[in-house]
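Only one chain is given next, in structure tokens, and it is the form predicted alone.
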């Protein structure tokens, strides 16, 4: 059993600074949960409290059936993979992998068998007799992952483990880690993961669910698709998705959202979903859902174009708002521009309405 529960968890440092504000989070047995947010949002602090490396000010951490607040890290049945690998430089890979088992007085034959098994799973058998200085970044990260895996923990904790790798290697390691998680889960082994990153690409491609944090608060916990399609508030809407969601201030009346001198018709389904009609509202639409059209739709002044291969990012100004549209290169070449003027049409059913007072997405369906 490797369910992880955080109940009203708080962290207050000396001087009264409150880093974590009574958060609740339920990570199911075998789930890959990603904590994501900007620097300073307390995601690493939260992870360190789970690991026992930071003292909990208030609240409860439960792993399985045990409350672990008072337990030292070695008694929590967790394993942590750090950003800097933390390998012992004077030990060969084999000894690095076996070190924790040796401290636990596991017999040598059993240690050797465990090392061989982990090396096979992570495809690092040829590295066993190398020193850490003889490893590439990706190889060192796999050894660090193996040292965590060999402990057979109830919960794996990852603290930005890929941030020191180049972009190509990060992509490769993302796949390796997610494949390893699926393999462990399929084989009935402990596979509950809490993974901290500031990179939304890692979060969206790796997590079963994602916990978006800001200033020590949880803004939303949901699947990657739900975060993208149904952001709970303006922060999540702007943080998740690349390019970020377009947000334009305006007013709602007569079945339309009015942006300056222009308006967007709101479909009947969206109007029915509106929980309230805020006096200060914002209309949000993702760049991928703002289509380049011929002479219909919203008129904007094109400012710059980014060619991304098969896609084109169009950056424009619309009644005082900076907006972005993603079009295929073929559509852009076919439609072109008229004196830097472009016309953009929101896809039906893809718009969101936010309350500017509190940032809430008031156009989401009300939970029953």
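Numbering follows the first chain given and starts at 1. Everything numeric in this text was worked out from a predicted model, so none of it was measured.
This next part talks about the form predicted in complex with a small molecule, which is not shown.
Colleague: Indicate whether residue 244 is a 4.5 Å heavy atom neighbour of the small molecule in the predicted bound form.
Modeller: No.
Colleague: How about residue 49 - does it come within 4.5 Å of the small molecule in the predicted bound form, if we only consider non-hydrogen atoms?
Modeller: No, no contact at 4.5 Å.
Colleague: Flag residue 57 as yes or no: does it have a non-hydrogen atom within 4.5 angstroms of any non-hydrogen atom of the small molecule in the predicted bound form?
Modeller: No, residue 57 sits far enough from the small molecule in the predicted bound form that none of its heavy atoms falls within 4.5 Å.
Colleague: Can you tell me if residue 19 lies within 4.5 angstroms of the small molecule in the predicted bound form, counting non-hydrogen atoms only?
Modeller: Residue 19: yes, in contact with the small molecule in the predicted bound form.
Colleague: Quick one: 226, 361 and 364 and the small molecule in the predicted bound form, is every residue within 4.5 Å by at least one heavy atom?
Modeller: No residue of the spot touches the small molecule in the predicted bound form.
Colleague: With the small molecule left out here, work out from 22-30, 66-74, 38-46, 314-322 which stretch has heavy atoms within 4.5 Å of it in the predicted bound form.
Modeller: Only one stretch passes the 4.5 Å heavy-atom test: 38-46.
Colleague: Would you mind picking the one in 154, 160, 208, 267 that has a heavy atom within 4.5 Å of the small molecule in the predicted bound form?
Modeller: Checking each option against the small molecule in the predicted bound form, the one that comes within 4.5 Å is 160.
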